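The data below hold one chain only, encoded as structure tokens and taken in the form predicted alone.
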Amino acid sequence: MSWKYFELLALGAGVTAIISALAIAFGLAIAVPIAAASLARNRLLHRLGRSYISFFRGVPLLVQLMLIYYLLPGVGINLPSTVTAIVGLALCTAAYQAENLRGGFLNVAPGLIEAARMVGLGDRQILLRIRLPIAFRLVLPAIVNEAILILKSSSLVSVVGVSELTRMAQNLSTSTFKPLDMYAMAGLLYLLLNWCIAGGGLGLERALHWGRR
């Protein structure tokens, strides 16, 4: 494989990495209120949270991307393909991360919550200062696993016109008639990206004094 083709695939890998990173970050931000809503005593909030999770876990990501791609222009919102891809991935991963966080919230010791209430902390303060940090540590391995899944699922965003790693390999295999070379290199680049995510997650676990010590 020539250096020129490797550079193009590396460019596609960069697009994949950026889209996936932004989707995971925005997804985590969306997941926090969704998880809190799904545990709320208020029935309306509870149903809204559960409905969000049910929809985005129950509908295939490819269908979600196509819905967003065609629905938004219909209501007067025209987004670039890259933004559409990030929004689609973020909304989808938020549902899975919300379930991860919900499990973490449920494992926070009730005594800590009671102690926080006794010292006068409100629900929002308890969520941000106690429940979320503890839950994040508990579910960090699951979040890293979700990040790896989203990076691999990002190959689907080519349907909305984003030239990420898989689309780049597809285009190059068509123009060079060397599909095996192109897809093998694309697979290697995906593997390297996933190693980086797994290594980063392990480093974060150690930084938080969680896991191996």
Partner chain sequence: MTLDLDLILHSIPAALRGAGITVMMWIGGGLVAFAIGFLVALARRYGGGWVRWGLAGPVEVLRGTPFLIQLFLLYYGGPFIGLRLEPYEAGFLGTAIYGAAYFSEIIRAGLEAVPRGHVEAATVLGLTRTQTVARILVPEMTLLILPSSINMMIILLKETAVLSIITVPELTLVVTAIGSAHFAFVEALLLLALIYWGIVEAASALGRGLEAGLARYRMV
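Numbering follows the first chain given and starts at 1. Here the structure is a predicted model, which is why all the values come from computation and not from measurement.
Quick note: we don't show the form predicted together with the partner chain, though the next part is all about it.
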query: Answer option from 36, 156, 48, 30, heavy atom within 4.5 Å of the partner chain in the model of the complex; finding: 156
query: Listed residue that, although the partner chain is not shown, lies within 4.5 Å of it in the model of the complex (heavy atoms), from 18, 25, 191, 10; finding: 191
query: Every residue of 58, 70 and 152 near the partner chain in the model of the complex, heavy atom within 4.5 Å; finding: yes
query: 4.5 angstroms heavy atom contact with the partner chain in the model of the complex for residue 74; finding: yes
query: Proximity of residue 162 to the partner chain in the model of the complex, heavy atoms at 4.5 Å; finding: no
query: Contact label in the model of the complex: residue 175 to the partner chain, heavy atom within 4.5 Å; finding: no
query: Interface membership of residue 147, the partner chain in the model of the complex, 4.5 Å heavy atom rule; finding: no
query: Contact set, 169-204 vs the partner chain in the model of the complex - heavy atom within 4.5 angstroms; finding: 170, 177, 179, 180, 183, 184, 186, 187, 190, 191, 194
